[in-house]
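Presented as structure tokens, the chain that follows is alone, the form predicted on its own.
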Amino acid sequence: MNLPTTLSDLRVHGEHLLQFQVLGSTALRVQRLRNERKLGALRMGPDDVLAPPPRALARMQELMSRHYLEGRYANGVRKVAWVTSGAPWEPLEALGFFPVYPENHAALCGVRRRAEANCEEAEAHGYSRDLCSYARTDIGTVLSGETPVGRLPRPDLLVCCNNICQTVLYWYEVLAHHFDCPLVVIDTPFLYGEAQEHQVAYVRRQFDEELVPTAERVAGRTLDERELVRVMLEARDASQLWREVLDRSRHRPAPMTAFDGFLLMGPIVNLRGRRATTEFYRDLLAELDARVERGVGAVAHERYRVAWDNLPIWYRLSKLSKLLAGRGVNVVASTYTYAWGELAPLMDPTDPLGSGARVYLHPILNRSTGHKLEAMRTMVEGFSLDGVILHSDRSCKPYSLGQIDQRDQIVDTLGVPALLLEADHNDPRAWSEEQSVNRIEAFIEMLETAAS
């Protein structure tokens, strides 16, 4: 935290203390307790197709609301870093930066039905509709200042890692030009198998020569190795717990849906390396274990179990969940949510930068389509799946690449039905309600035929 040295600094710190630490945090805590009581009192009625969500959802809402509330008052109190979802965050957390993940903010805009207006704002300034809708949503936010979280803090540092796509490189160059602040780009070679040692060394060298020195200069402090080890330990533990949370849906009936997972993944993306995040996932796991023990399923009458490939359709989460659950379909697994848990075994707190270089080489989008097909094969077997839904995402080309062939392989090799559902993760203008519902209905008929 930056110490106040002027009257202006004192005012900024005072506002942070009053509005965030005292008033805001207290109000959010009270709201969380109320929501927990409400969720705890909910019971599944005879006409309900979905069980009440985990009570931990209230805690997640508090954590994320608290995060965005702090962001309103972070400038002048903490250094702010805007980072891509696949960027190496742990050194920045150890240096005390406040994180902003534009993709997470864009997803929030999607859920709150604010993404379309922000996309249109970006398009009005010349940005193509063919660009990623996350990028258009956040560029539109930067241009208009309109956001459901009140205000995003101005970045002191931008960190971009191209292990998810190349779009982020150009997106962050736009941000760097707009905000006139330093940009660090971490280049990760694409993997067709496991990472070779020279590839790991290449990424590690960028940490040592670019990321850490630039972040230290902006933060005005030196990276403390002991703090970095502590952060990596928390990040690893939280990632392991998150994977265990997702693995609980191997049980039948599954105690939660992948749609629950899309909402509950916020802290593992935005708040890795913090004790509160680790504790949150430990408590969530305990709640799911209690559900498993009591035989409580997330879907009232679970008949079919399917996986979801690609990003969620944020503006249709609730409707899709209810539509599928009403026909006995539980989406129990997702390649997207697993991306923040499957790499936990690679995290080594005794070598945070070295193991971090290996971790950030291995996200699913930095690996071959054959690897993703193998991941789905593992899900089909491990979760006893009856089918797979592949979201053909109009504005996420890297994730959608090869899905037609993957669908055919799933059907021909794995022997389960697969649906290619065309949409966009954040722009509702690419969604056709009637066409999508018809395709889902046809897919459920295929599940019924395969089961008979």
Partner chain sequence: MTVAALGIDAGSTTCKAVAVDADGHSVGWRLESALPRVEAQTDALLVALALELGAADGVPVVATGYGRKLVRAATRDVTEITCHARGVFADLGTGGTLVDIGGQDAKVIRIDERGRPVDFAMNDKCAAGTGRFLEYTADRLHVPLDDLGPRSLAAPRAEHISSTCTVFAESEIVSLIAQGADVDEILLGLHRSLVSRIVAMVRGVGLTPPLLLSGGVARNDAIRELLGRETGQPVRLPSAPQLMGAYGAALLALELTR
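In this text the structure is predicted, and so the values were computed from the model without any measurement. Numbering follows the first chain given and starts at 1.
Beyond what is shown, the protein has a form predicted in complex with the partner chain; the following relates to that form.
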| query | finding |
| --- | --- |
| Among 47-55, 381-389, 29-37, 402-410, the region lying within 4.5 Å of the partner chain in the predicted complex by heavy atom distance | 402-410 |
| Heavy atom of each of 107, 135 and 143 within 4.5 Å of the partner chain in the predicted complex | no |
| is_contact(residue 435, the partner chain) in the predicted complex, heavy atom dist at most 4.5 Å | yes |
| Contact test in the predicted complex: residue 8 vs the partner chain, heavy atoms, 4.5 Å | no |
| Residue 70: touches the partner chain in the predicted complex, heavy atom cutoff 4.5 angstroms | no |
| Residue 12, heavy atom within 4.5 angstroms of the partner chain in the predicted complex | no |
